[in-house]
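There is one chain below, alone, in structure tokens, taken in the form predicted alone.
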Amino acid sequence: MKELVVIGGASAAQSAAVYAARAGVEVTIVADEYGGQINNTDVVENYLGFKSIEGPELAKRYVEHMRDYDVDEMLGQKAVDIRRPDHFEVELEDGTVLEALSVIIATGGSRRKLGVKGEKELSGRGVGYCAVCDGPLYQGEEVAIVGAGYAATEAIDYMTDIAEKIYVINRSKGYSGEEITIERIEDHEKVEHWENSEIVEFYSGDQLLEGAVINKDGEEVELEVPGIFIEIGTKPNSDLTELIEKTDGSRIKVDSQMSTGVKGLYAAGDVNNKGVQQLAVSVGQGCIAGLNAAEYIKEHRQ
């Protein structure tokens, strides 16, 4: 029987693992990989103590910090179900079942998709979801970025140093996100903002993306570009269990202590419905969940 199983491999999960271990409980972390969305972030700005730091470097430091404590790691594993016939049972993709006194879900989110014609077929062939990851492939070329929120503005800012021109496909008007980033991109000479615009379909030539058909102000136009990045945020990775209550947006409902309402089951970070989706918030919530799980475990040890 394990004491605490933490599911996830990024900031909330590693923060929970550190604080629970410091509180004196046995911790097992289950993660497909470490880093999560931080690995896809070029630069993290204004994270307390770091005015600016590269995302992958910060992710690396999280892992190094966690490994200062006695945390059992099950890396390369994915949890697929959480049950509670008596104590908790966490089932992994390979069929392994972990028994635990307490569980913290810190699985974050995954990139949202448009769900339009040609998207699935051309994914990885010109249609991408991470400009930071794949943007350098389009050095000196024209690209399009779908979205105008936090994720999109960061992607646009990053691509201004790489692409010849960036078309921003925005179904509404204006930008949202961090003001300092918006100021850098809204009047940038390389950026052309298409408002009231939505992609209808992607089309290809010789199996690679050739462009997209776009409904722009009620009229369909074609935009020929070799690369289009869909940066419209994330959806929570919350399909782990039927034990919990979720919002209409599929986020796990928790209280101020990160409790799901099921005793001993907690959720922290972008997967839950508390607070804004910011790195500092995820780390703080991981701390709260880890400490509360530790207290629960100490009360229920045999």
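Here the structure is a predicted model, which is why all the values come from computation and not from measurement. Numbering starts at 1 and runs along the sequence shown.
Keep in mind that the form predicted together with a further copy of the same chain is not shown, yet the notes after this line are about it.
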| query | finding |
| --- | --- |
| Segment assignment from 242 to 250, 57 to 65, 261 to 269, 229 to 237: heavy atom within 4.5 Å of a further copy of the same chain in the predicted complex | 57 to 65 |
| Interface membership of Arg83, a further copy of the same chain in the predicted complex, 4.5 Å heavy atom rule | no |
| Interface membership of Pro136, a further copy of the same chain in the predicted complex, 4.5 Å heavy atom rule | yes |
| Val71, heavy atom within 4.5 angstroms of a further copy of the same chain in the predicted complex | no |
| Non-hydrogen atom contact Glu45 with a further copy of the same chain in the predicted complex at 4.5 angstroms | yes |
| Glu192, Glu178, Glu201, Glu210 - the one with a heavy atom within 4.5 Å of a further copy of the same chain in the predicted complex | Glu178 |
| Thr41, Ile145 and Gly149 each touching a further copy of the same chain in the predicted complex (heavy atom, 4.5 Å) | no |
| Those residues of 97 to 130 which, in the predicted complex, come within 4.5 Å of a further copy of the same chain by heavy atom | none |
